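Encoded as structure tokens, the following chain is the form predicted on its own, with no partner shown.
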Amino acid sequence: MKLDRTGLSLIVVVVMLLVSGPFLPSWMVSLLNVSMCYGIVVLGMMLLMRTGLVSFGHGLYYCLGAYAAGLIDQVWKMPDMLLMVAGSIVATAVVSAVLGLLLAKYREIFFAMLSLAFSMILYGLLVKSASLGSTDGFNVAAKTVGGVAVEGDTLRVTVFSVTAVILGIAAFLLHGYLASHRGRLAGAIRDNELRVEYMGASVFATVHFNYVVSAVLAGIGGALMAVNIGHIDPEMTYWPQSGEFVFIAILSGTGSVFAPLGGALVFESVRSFAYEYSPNTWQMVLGITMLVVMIFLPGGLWSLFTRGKAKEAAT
């Protein structure tokens, strides 16, 4: 894969996060951790949106990845962060590969509502499962990373660093995929599926593959979130959680793999500070933010960086 400007920029951002991590205040580390976890999930949402699909049920895989990580810790007694992430990848890849065989046949509101239905089924199963903590969920703790024991402040910095590296790898690989022949089919499918079929490419296979990739990214984000906050519960698959991912995806735009990362940071920053200074109206602040973006930046926040190029191309 050719290392272009975006790839180099991703490396620079990850290095900056790794270098600055030990010196950041705890509140900023927490904010960045949540933003990075959400950013990984929304990377997958961006891939679906480029394919012309919007999922209102991606909390399914976010939650599934978190519970896979939690079970590796609580049941198999292997509290290794990397094993937890690996478990989330396997679990979400298997489930999404099966469900994707059905979902890849649908488009527009049918796809959105069917994905939401599956998410709510998982929610119903979890709240009725006493062995998994029912509505309370259970705690998760990563005590080792790659077999090396970490604790205290070292654990906090290590988790932050691993999250940043995984985010960088996920964004780099997705950027490479989007630049490939199969990745470019996403936009073509969104615009004209019939023409893609005439070209000899399989729309179903591409949509199915993109759905699985998107689900795996959501699972990774869920596993990392479980490790970062130390707790999981069924609310992770409830519809408001999936709605947040759609909110961030629309807020961000789909122009670059940087868009979901920046959008997640803006979303979490606005929510955190709004809740801190206006706890009774923080939802209204988020709503106003979305309204302003949709009116003035219909292409999402990333369109701020592409307006100049669009003007140059027009002239």
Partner chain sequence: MGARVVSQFIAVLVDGVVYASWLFIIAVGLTLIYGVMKILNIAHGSLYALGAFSAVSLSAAWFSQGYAAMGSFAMLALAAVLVGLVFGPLIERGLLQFLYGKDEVVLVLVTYALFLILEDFIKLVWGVDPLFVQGPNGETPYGLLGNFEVAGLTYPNYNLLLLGVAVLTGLVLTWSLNSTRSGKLLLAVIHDREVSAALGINVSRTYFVTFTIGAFLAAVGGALTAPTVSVVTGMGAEVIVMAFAVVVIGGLGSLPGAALGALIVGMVRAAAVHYAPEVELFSIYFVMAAVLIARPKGLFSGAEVRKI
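No experiment lies behind these values; they were computed from the predicted model shown. Residue numbers count along the first chain shown, from 1.
Although not depicted, the form predicted in complex with the partner chain is the subject of the following passage.
Partner contact region in the predicted complex: 105-113, out of 105-113, 143-151, 80-88, 207-215, criterion any non-hydrogen atom within 4.5 Å of the partner chain. For the chain shown alone, F160 is not a contact residue for the partner chain in the predicted complex, no non-hydrogen atom being within 4.5 angstroms. Proximity of D73 to the partner chain in the predicted complex: non-hydrogen atoms within 4.5 Å are absent; the residue sits far from the partner. In the predicted complex, the partner chain lies within 4.5 Å of some heavy atom of I250. Contact between W239 and the partner chain in the predicted complex is found at the 4.5 Å heavy atom cutoff. Contacts of stretch 244-282 with the partner chain in the predicted complex, defined by any heavy atom lying within 4.5 Å, are made by E244, V246, F247, I250, N280, T281, W282, listed in sequence order.
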